[in-house]
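We begin with a single chain expressed as structure tokens, specifically the form predicted on its own.
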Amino acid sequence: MLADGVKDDVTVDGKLYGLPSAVEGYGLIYNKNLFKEANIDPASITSIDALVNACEKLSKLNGVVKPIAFAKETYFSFIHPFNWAFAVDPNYKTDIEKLDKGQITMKDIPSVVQWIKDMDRIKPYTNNALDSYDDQVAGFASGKYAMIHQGDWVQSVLDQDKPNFDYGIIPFPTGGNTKLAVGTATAWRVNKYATEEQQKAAIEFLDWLITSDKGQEYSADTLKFIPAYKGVKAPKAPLAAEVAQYVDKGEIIPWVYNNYFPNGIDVDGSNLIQKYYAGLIKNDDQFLSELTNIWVQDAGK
């Protein structure tokens, strides 16, 4: 059964146009040894208060330069973090439609207002998104950062740089969120222009890959696909296995940016968030006003 929350990426006007081949998830990847040293239970981080409290403890550990690190590339500094602001909004589709038309502002969306307030709380404990992706991940592997805002795709990098490193992933708890941000990477589709025989064979193959024991073994162990389906075998890699658990339990929120963010907001939003980290934004009102302006501008292109 297709897991709840992953259909949007392959659905148009209520019709399913493909079978997700795999999913990916992102959140706060944390160093289990540092959490243990600081006496922090990762399961307890279900609010920004709890996250700030954890950051205070982690900042006192030897070798930890900053408790949390963001990468400076556009998607990692802005798109992925800002996705939380809409992903926890139950009315995000309607709100974004109104936002695109200039009918409301960012200040009119409670989850967005809460997100920037939450970012204010953790900002002193971050690297201000000054590291490249490579440096961010390397800093995490060395213990310089206790947490990084990243996804399961860092698995292979971490395993190569630091074998046997013990780490896990938790959601970013804006507004008390406890669900992981999960999206569809790609989808299987059957070519309608293929012969009837070819289409039948393709469908049989997909059924085998997703439902049979051998197919699931191939998908998980060879292709390393994190399944988009409940009760389907997942890769053994730690991050992949944890993401799969969130999917299987239905404890996920969408990658809203995939289908609803305007073109250009990745660059424009990243420029704005860098101003925010650099202290060039006076307050949250200014941040949300400028973000509204660039959003509407990009939506109208």
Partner chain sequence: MKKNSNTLTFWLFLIPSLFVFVNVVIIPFILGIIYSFTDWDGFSFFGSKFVAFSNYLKVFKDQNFLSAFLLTFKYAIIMVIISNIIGFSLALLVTRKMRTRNILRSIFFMPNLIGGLILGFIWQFIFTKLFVQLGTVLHASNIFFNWINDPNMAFWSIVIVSAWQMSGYVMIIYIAGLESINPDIIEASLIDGAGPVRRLFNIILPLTVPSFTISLFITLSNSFKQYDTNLSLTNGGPYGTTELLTMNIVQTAYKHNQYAIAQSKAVVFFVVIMIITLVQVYLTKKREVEM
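Residue numbers count along the first chain shown, from 1. Small disclaimer: the values here were computed from a predicted structure and weren't measured.
Keep in mind that the form predicted together with the partner chain is missing from the display, and what follows is about it.
Here the chain stands by itself, but in the model of the complex one stretch of 259-267, 63-71, 241-249, 26-34, 259-267, has heavy atoms within 4.5 Å of the partner chain.
Although the partner is absent here, Lys275 lies within 4.5 Å of the partner chain in the model of the complex, judged by heavy atoms.
Among heavy atoms of Asp8, none comes within 4.5 Å of the partner chain in the model of the complex. Using a 4.5 Å cutoff between non-hydrogen atoms, Leu280 counts as a contact of the partner chain in the model of the complex. Using a 4.5 Å cutoff between non-hydrogen atoms, Leu130 counts as a contact of the partner chain in the model of the complex. Checking Asn271, Ser47, Ser59, Asn53 against the partner chain in the model of the complex, a heavy atom within 4.5 Å turns up for just one residue: Asn271. Of the residues given (Asp135, Asp120, Asp108, Asp161), Asp135 alone sits with a heavy atom within 4.5 Å of the partner chain in the model of the complex.
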